[in-house]
Ligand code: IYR
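Next comes just one chain, in structure tokens: the form predicted alone.
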Amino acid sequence: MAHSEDHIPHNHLHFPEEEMLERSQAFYELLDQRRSIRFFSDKDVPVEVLENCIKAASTAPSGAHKQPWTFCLISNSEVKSAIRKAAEEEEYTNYNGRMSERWLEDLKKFGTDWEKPFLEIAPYLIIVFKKSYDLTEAGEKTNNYYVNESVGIATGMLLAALHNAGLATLTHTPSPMNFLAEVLERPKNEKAFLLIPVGYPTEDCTVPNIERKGLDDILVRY
């Protein structure tokens, strides 16, 4: 294929089939150890590790390569405290009227409630924002495409990168999350997608005794 200024050669990694199988199995086993936790240590994390993981997330594909995401990395204790206060106000309302009885019943196995101390204890919070549109320097709107899909892929890659680095996370969604844009004073084109506490688990951290669906439950062959 002829190359132009708009295209460059692609350097694709090639592996023998045996190595492909080994690498795919090892990656599965690594990610199968990932769990969402709620008991975080306050032990500090090297910020360069988090920056590398965010850079890894930013390699995700996106609609028309618009990269419609912003990652806010928060370690400031006052900001974390403000986020916790606002999140708990929303969560209290959720657990005391917004959520259906079925939803509350499904959550019982996780032992969660409206109180979220981990938002202050975890050394870092990463807030993923999606940008439904971009703004030029003149303030004019420009289109973004497949925003939810693009940001969802990037977020999944972020979680995998953080786990690969030896860090623990929680995917937290204190819905509605409009308060995050307000606390962080984000521009009007950004909307919170996910709140992710990041750090190390406490030594006595436990997780719910649950199992993932097996391959036969999630794979349909044609």
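Predicted model, so just to flag it, every value in this text is computed and none were measured. Counting begins at 1, following the sequence as shown.
Only in words, not in the display: the form predicted together with the ligand, which the text now covers.
- Proximity to the ligand in the predicted complex, defined as a heavy atom within 4.5 Å, singles out one entry of 172, 35, 66, 191, which is 172.
- Residue-level contacts in the predicted complex: of 71, 133, 146, 95, one residue has a heavy atom within 4.5 Å of the ligand, and it is 95.
- The ligand is not shown here, but in the predicted complex it comes within 4.5 Å of a heavy atom of residue 113.
- In the predicted complex, at least one heavy atom of residue 107 sits within 4.5 Å of a heavy atom of the ligand.
- The closest non-hydrogen atom of residue 82 lies beyond 4.5 Å of the ligand in the predicted complex.
- In the predicted complex, at least one heavy atom of residue 99 sits within 4.5 Å of the ligand.
- Note on the interface: of 147-155, 71-79, 87-95, 121-129, the segment with non-hydrogen atoms within 4.5 angstroms of the ligand in the predicted complex is 87-95.
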